[in-house]
Structures are given as C-alpha cells and as structure tokens.
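Here's a solo chain for you in structure tokens, the form predicted on its own.
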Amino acid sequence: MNAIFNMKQILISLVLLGFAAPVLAVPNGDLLYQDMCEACHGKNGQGGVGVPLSLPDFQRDASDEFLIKSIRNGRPGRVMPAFPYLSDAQLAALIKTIRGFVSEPAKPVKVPKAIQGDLKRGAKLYQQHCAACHGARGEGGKGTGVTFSRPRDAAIIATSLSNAAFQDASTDQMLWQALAYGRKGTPMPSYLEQGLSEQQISDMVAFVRTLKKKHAKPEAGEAMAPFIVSEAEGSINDVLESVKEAVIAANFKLIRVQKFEQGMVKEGSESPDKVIVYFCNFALLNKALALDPRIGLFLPCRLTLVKEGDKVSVFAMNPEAISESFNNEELDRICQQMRATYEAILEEVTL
C-alpha cells in the first residue's frame, strides 16, 4: 500500500507541477508576467491563447482598474484563470510590466461622461454589427483563436460580452470607447468610422449591458480526485497486454510503452514493475488543442501500471480535475468525455 501511496505522490508532483503559480516575496513584474501570463498572452504581450496586451488601442481602453479586476477574478467559464492571491504590490508591478509593452500609447479619445441608450435600437444594431463575432447573446468566439496548421485569422478571439467578470470589470465608457474607436490589429472596427452616430453607439452599450450572464459555480463538495485508480490481478505483463487491447478497442492508437523510471535512474536499472502506456486519439487531440493548447500539458493519454504483490494498480490522470484549472467550459466537456473513456478502459482491464 505504501508503494501505491508513494506512486500517487510522484504522479501528482509530475502532473500538477506546471499549475503551481509562484507567490513572489519581492514583486517583480517581469517575472510575474513570465511565470503566470506569458504562456497565454505571449512574450511582450503579443498575444496567443490570450488577448494581445501590447495593442495600443487595448491599452488605451483598459484602465488599471480593469486590468486589476481581470487578473484577480479571471473570466469564469473562459480560458482566463483568476489570480486572487496576488497582493496589491504584485498587481502594481505586473501592470507596470504590461504597460511597458507599448512604446507609443494610442492618443486619448473623446468619450461621453454619461452614456444613455435605447435598448430596442441597441438590440437591432448589435445583431447587425456585433453578433457575427461576439455571438447572438454575447457568448463570444469559441476556442482560443489559435490554429496549428496555418496563421491565425485574427490577433484576438472575440470577447464573451455576456461573461459576468468581463461586465463587472468594464465601465460603460470603456465599452463605448471600444465600439466607437475600434481596436487596430484586430477585427474590431471603429463604428464611428463605419458611419454610426454617438447615440447609436450608446444604444449598443445599453444593450450589451443586458447580456450579462451569471456564471454557474460548481456546488461545494469534496475536491475532485486527481487520479482514477483500479486494481487488476495477475502479472504486470498480463495486465499490460489487457491495457493495450482495451486502448485499441476504445479507438485509440497505441504510441509506446516505457518504464516509469526511465530518465530518472541509471539506464538498465529501471524497475520492471512500473510502466507507462502512452496512447492517443488524434481527432480528439486536435479538437482539444484547438479549444485550449494548454491541454497538451497532459496529453497524449497515458496509464501508469504499478505491481505490488499479486496485484497491479492502474492509474490514470483525472482530466476533469486538471481542467478545473483551465477555466474553459468547452474544454471541461471534452475532459468529461476523456474521464469516461479512461474509466471504460480501466473497467475492461479489470474484468
């Protein structure tokens, strides 16, 4: 039993190491950005999975308060995670780094102090000008805007205007400004240049405010187990063969089998009683990567076999537990499917 417990600890460390965000004693914005933001927002804020932070128009529109709320609260249900543990000093340092991505800020623009619009007119204008990118109910673009076989069509995926955290972080003036003057470097046009009046833009802002959707938080309960575990009787070679057959029967391609300790101990001294089986369904892989490239941290799929006595424990990472860190509802659904597949394979192996 101790061997199984120790193996769980090793696996948890290997799998979850990449998700532990550091808390720095002395705020250093460059390091904070590198550790927590760069993987999604790109080096120097050029964008990628996340919004390009180096666009002058974005920085013109995004106040420090907007950035603070966005970092602290994230975007529940979208890709952007929350960082509620950052101190005020760390946030200030991080925002200073982000502001440094723009050498020549966009020129200030004229924005009404009070924005009052007509909902009916705004709804019609929204459907004409915004729904194609942002969705009929402001649900936003799907996935992450990143493709792997060709350049991206745009520097940014359309924002979810219905996201409660986005709505809470944005002021009416910020929404009006983005609509009126657009975002150069993205598909977002200037609607003043498109011929809309200032009042029509105010009408759209009024309608956008009606799109706010409350994000359903999961009910409180026990933390989701990071692993799915099953036990099978027999030799490790017999169980390994059963795993291979079950993987292939589940429409996955077997990639390789290797000793668990490979690369961690001297070559040739690896334990024969600990092995990893790697396998993949490439259609599922491409679909998941298109939604959120961070899923590559725990793909391809793998099962770890550990023999103790006359039984072999078979471990699988619980994709649902890991996807909780990604804040992406579409990815959550794929990870639920992956968990069901793992469970079906383990059931087949242990029958």
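When you see a residue number, it is the position in the sequence shown, counting from 1. These figures come from a predicted structure and were not determined experimentally.
FYI, the form predicted together with a small molecule isn't displayed, but the following is about it.
Of 121 to 129, 237 to 245, 262 to 270, 276 to 284, which is the one stretch near the small molecule in the model of the complex, taking non-hydrogen atoms within 4.5 angstroms as near?
This holds for exactly one stretch, 121 to 129.
Can you pick the one in Q167, S230, T186, N73 that has a heavy atom within 4.5 Å of the small molecule in the model of the complex?
Flagged contact: T186.
Verify the flagged residues P81, C133 and M174 against the small molecule in the model of the complex: is each one within 4.5 Å by a non-hydrogen atom?
Contact check passed for all of P81, C133 and M174.
Exercise: S202 in contact with the small molecule in the model of the complex, heavy atom 4.5 Å
Output for S202 is no: heavy atoms all beyond 4.5 Å of the small molecule.
How about L67: is it within 4.5 Å of the small molecule in the model of the complex, going by heavy atoms?
L67: yes, in contact with the small molecule in the model of the complex.
Decide whether H41 counts as a contact residue for the small molecule in the model of the complex under a heavy atom distance cut-off of 4.5 Å.
Although the small molecule is absent here, H41 would touch it in the model of the complex, with heavy atoms inside 4.5 Å.
Please determine whether G50 contacts the small molecule in the model of the complex, using a 4.5 Å cut-off between heavy atoms.
Flag for G50 set to yes.
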